[in-house]
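For reference, the chain that follows is the form predicted alone, supplied as C-alpha coordinates.
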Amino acid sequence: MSLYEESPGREWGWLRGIWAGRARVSEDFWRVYLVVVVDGEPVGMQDLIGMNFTKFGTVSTFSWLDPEVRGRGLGKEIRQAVLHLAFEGFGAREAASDAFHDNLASNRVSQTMGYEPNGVDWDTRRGEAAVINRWRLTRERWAAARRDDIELVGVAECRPVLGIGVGFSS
(Lines give C-alpha, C1' and ligand atoms only; values in the text may rest on other atoms or scores of the structure.)
Protein backbone atom coordinates (compact mmCIF):
# COMPACT_ATOMS: atom_id res chain seq x y z
CA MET A 1 0.00 0.00 0.00
CA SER A 2 1.37 3.40 -0.95
CA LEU A 3 1.83 6.10 1.67
CA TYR A 4 -0.33 8.32 -0.53
CA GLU A 5 -3.35 6.05 -0.52
CA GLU A 6 -6.28 6.31 1.82
CA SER A 7 -6.31 5.35 5.48
CA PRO A 8 -4.81 3.56 7.30
CA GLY A 9 -1.69 3.43 5.09
CA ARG A 10 -1.15 7.18 5.19
CA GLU A 11 -1.39 7.31 8.99
CA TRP A 12 0.94 4.31 9.39
CA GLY A 13 3.53 6.02 7.21
CA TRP A 14 3.16 9.19 9.28
CA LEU A 15 3.72 7.25 12.51
CA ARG A 16 6.80 5.48 11.12
CA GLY A 17 8.29 8.88 10.29
CA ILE A 18 7.61 10.19 13.81
CA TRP A 19 9.14 7.11 15.43
CA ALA A 20 12.23 7.37 13.22
CA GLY A 21 12.62 11.06 14.11
CA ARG A 22 12.34 10.37 17.83
CA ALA A 23 15.12 7.79 17.57
CA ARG A 24 17.48 10.24 15.85
CA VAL A 25 18.96 12.71 18.34
CA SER A 26 22.48 14.11 18.04
CA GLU A 27 24.29 17.43 18.08
CA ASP A 28 23.75 17.61 14.32
CA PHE A 29 20.05 16.75 14.31
CA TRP A 30 17.16 16.72 16.75
CA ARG A 31 13.42 17.07 16.53
CA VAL A 32 11.25 17.92 19.52
CA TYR A 33 7.72 16.59 19.07
CA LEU A 34 5.08 18.51 21.01
CA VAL A 35 1.41 17.61 21.30
CA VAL A 36 -1.28 20.30 21.12
CA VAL A 37 -3.99 19.65 23.72
CA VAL A 38 -7.26 21.58 24.04
CA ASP A 39 -9.66 20.81 26.87
CA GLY A 40 -7.77 17.59 27.60
CA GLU A 41 -7.96 16.31 24.01
CA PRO A 42 -5.01 16.05 21.57
CA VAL A 43 -5.83 18.16 18.52
CA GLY A 44 -2.51 18.56 16.77
CA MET A 45 1.24 18.71 16.89
CA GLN A 46 3.99 21.31 16.81
CA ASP A 47 7.57 20.26 16.12
CA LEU A 48 10.85 22.09 16.55
CA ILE A 49 13.74 20.81 14.42
CA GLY A 50 17.42 21.62 14.83
CA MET A 51 19.89 20.78 12.06
CA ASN A 52 23.49 21.71 12.82
CA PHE A 53 22.06 23.85 15.61
CA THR A 54 25.32 24.18 17.54
CA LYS A 55 27.02 25.54 14.40
CA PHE A 56 24.33 27.84 13.05
CA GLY A 57 21.69 28.31 15.74
CA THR A 58 18.88 27.74 13.26
CA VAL A 59 15.67 25.80 13.73
CA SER A 60 12.64 25.00 11.66
CA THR A 61 9.08 24.34 12.71
CA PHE A 62 6.35 22.01 11.58
CA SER A 63 2.76 21.87 12.75
CA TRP A 64 -0.51 20.16 12.03
CA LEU A 65 -3.93 20.84 13.52
CA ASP A 66 -7.13 18.82 13.33
CA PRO A 67 -9.43 20.52 10.82
CA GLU A 68 -12.08 20.73 13.56
CA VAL A 69 -9.98 23.27 15.54
CA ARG A 70 -8.54 25.33 12.69
CA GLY A 71 -9.51 28.98 12.30
CA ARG A 72 -9.54 29.73 16.04
CA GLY A 73 -6.05 31.24 16.37
CA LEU A 74 -4.54 28.05 17.75
CA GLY A 75 -1.94 27.87 14.96
CA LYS A 76 -0.59 31.26 15.98
CA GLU A 77 -0.60 30.28 19.68
CA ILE A 78 1.40 27.10 19.16
CA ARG A 79 3.86 28.84 16.84
CA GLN A 80 4.45 31.58 19.42
CA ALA A 81 5.08 28.95 22.09
CA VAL A 82 7.55 26.94 20.02
CA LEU A 83 9.38 30.09 18.90
CA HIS A 84 9.70 31.12 22.54
CA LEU A 85 11.25 27.73 23.27
CA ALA A 86 13.61 28.08 20.30
CA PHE A 87 14.78 31.64 20.91
CA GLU A 88 14.49 32.08 24.67
CA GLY A 89 14.99 28.48 25.78
CA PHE A 90 17.56 27.21 23.29
CA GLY A 91 19.15 30.48 22.15
CA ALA A 92 18.30 30.15 18.45
CA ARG A 93 19.50 32.81 16.03
CA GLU A 94 16.93 32.18 13.32
CA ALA A 95 13.79 30.12 12.65
CA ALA A 96 12.51 28.82 9.34
CA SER A 97 9.12 27.56 8.32
CA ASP A 98 7.47 26.59 5.09
CA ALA A 99 4.00 25.93 3.80
CA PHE A 100 2.45 24.80 0.57
CA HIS A 101 1.76 27.80 -1.64
CA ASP A 102 -2.00 27.29 -1.40
CA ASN A 103 -2.08 26.77 2.39
CA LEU A 104 -3.20 30.32 3.05
CA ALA A 105 -3.78 29.87 6.78
CA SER A 106 -0.28 28.52 7.46
CA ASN A 107 1.32 31.22 5.31
CA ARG A 108 -0.71 33.86 7.18
CA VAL A 109 0.54 32.55 10.53
CA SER A 110 4.14 33.00 9.34
CA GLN A 111 3.43 36.51 8.05
CA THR A 112 1.67 37.49 11.28
CA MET A 113 4.57 36.19 13.37
CA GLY A 114 7.00 38.48 11.52
CA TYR A 115 8.62 35.93 9.22
CA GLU A 116 10.00 37.28 5.97
CA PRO A 117 9.63 35.50 2.62
CA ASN A 118 12.70 33.38 1.88
CA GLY A 119 12.03 31.99 -1.59
CA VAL A 120 10.18 28.94 -2.81
CA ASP A 121 10.97 25.27 -3.10
CA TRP A 122 9.29 22.07 -4.19
CA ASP A 123 7.90 19.22 -2.12
CA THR A 124 5.41 16.43 -2.64
CA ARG A 125 1.86 16.37 -1.38
CA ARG A 126 0.06 13.05 -1.68
CA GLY A 127 2.53 12.00 -4.34
CA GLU A 128 2.26 15.16 -6.48
CA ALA A 129 4.84 17.94 -6.86
CA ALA A 130 3.75 21.19 -5.21
CA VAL A 131 5.31 24.61 -4.58
CA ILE A 132 6.37 25.46 -1.03
CA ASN A 133 6.72 29.02 0.31
CA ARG A 134 9.77 29.34 2.54
CA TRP A 135 9.81 31.76 5.51
CA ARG A 136 12.60 33.14 7.74
CA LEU A 137 12.40 34.79 11.18
CA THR A 138 15.46 36.34 12.81
CA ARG A 139 15.94 36.53 16.55
CA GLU A 140 15.74 40.33 16.34
CA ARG A 141 12.36 40.32 14.59
CA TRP A 142 11.04 37.76 17.08
CA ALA A 143 12.33 39.80 20.06
CA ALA A 144 10.58 42.95 18.80
CA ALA A 145 7.16 41.24 18.94
CA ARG A 146 7.69 38.44 21.46
CA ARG A 147 5.10 37.63 24.07
CA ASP A 148 5.88 37.97 27.76
CA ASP A 149 3.29 35.50 29.06
CA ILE A 150 4.93 32.23 28.00
CA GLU A 151 6.66 30.26 30.75
CA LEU A 152 9.36 27.69 29.99
CA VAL A 153 9.87 24.87 32.48
CA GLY A 154 12.58 22.18 32.43
CA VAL A 155 14.42 23.56 29.41
CA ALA A 156 17.86 23.56 31.06
CA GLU A 157 17.57 19.80 31.58
CA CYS A 158 16.67 19.26 27.89
CA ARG A 159 19.53 21.24 26.38
CA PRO A 160 22.29 18.65 27.03
CA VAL A 161 20.11 15.83 25.66
CA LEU A 162 19.89 17.76 22.38
CA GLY A 163 23.59 18.58 22.37
CA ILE A 164 23.04 22.25 23.18
CA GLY A 165 25.91 22.84 25.55
CA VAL A 166 26.28 25.42 28.23
CA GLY A 167 28.84 27.18 26.07
CA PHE A 168 26.45 27.68 23.17
CA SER A 169 25.77 31.37 22.68
CA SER A 170 23.10 32.89 20.56
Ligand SMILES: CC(C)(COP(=O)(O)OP(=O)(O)OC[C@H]1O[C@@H](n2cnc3c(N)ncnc32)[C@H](O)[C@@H]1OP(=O)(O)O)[C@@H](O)C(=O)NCCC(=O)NCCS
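Residue indices: 1-based, along the sequence shown. It should be emphasised that the depicted structure is a prediction, and the values quoted were computed from it without experimental measurement.
In what follows, reference is made to the form predicted together with the named molecule, a form of this protein that is not presented.
Student: Is there any non-hydrogen atom of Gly73 lying within 4.5 Å of the named molecule in the predicted bound form?
Tutor: Heavy-atom contact with the named molecule at 4.5 Å: present for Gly73.
Student: Please determine whether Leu104 contacts the named molecule in the predicted bound form, using a 4.5 Å cut-off between heavy atoms.
Tutor: So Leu104 counts as contacting the named molecule.
Student: Would you please decide whether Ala99 lies within 4.5 angstroms of the named molecule in the predicted bound form, comparing each non-hydrogen atom pair?
Tutor: Yes - in the predicted bound form, heavy atoms of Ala99 and the named molecule come within 4.5 Å of each other.
Student: Report yes if any heavy atom of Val69 sits within 4.5 Å of a heavy atom of the named molecule in the predicted bound form; otherwise report no.
Tutor: So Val69 counts as contacting the named molecule.
Student: Name the residue from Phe56, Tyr33, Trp64, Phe29 that puts a heavy atom within 4.5 Å of the named molecule in the predicted bound form.
Tutor: Contact residue from the list: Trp64.
Student: Can you pick the one in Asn52, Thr124, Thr138, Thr112 that has a heavy atom within 4.5 Å of the named molecule in the predicted bound form?
Tutor: Contact with the named molecule in the predicted bound form is made by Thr112 alone.
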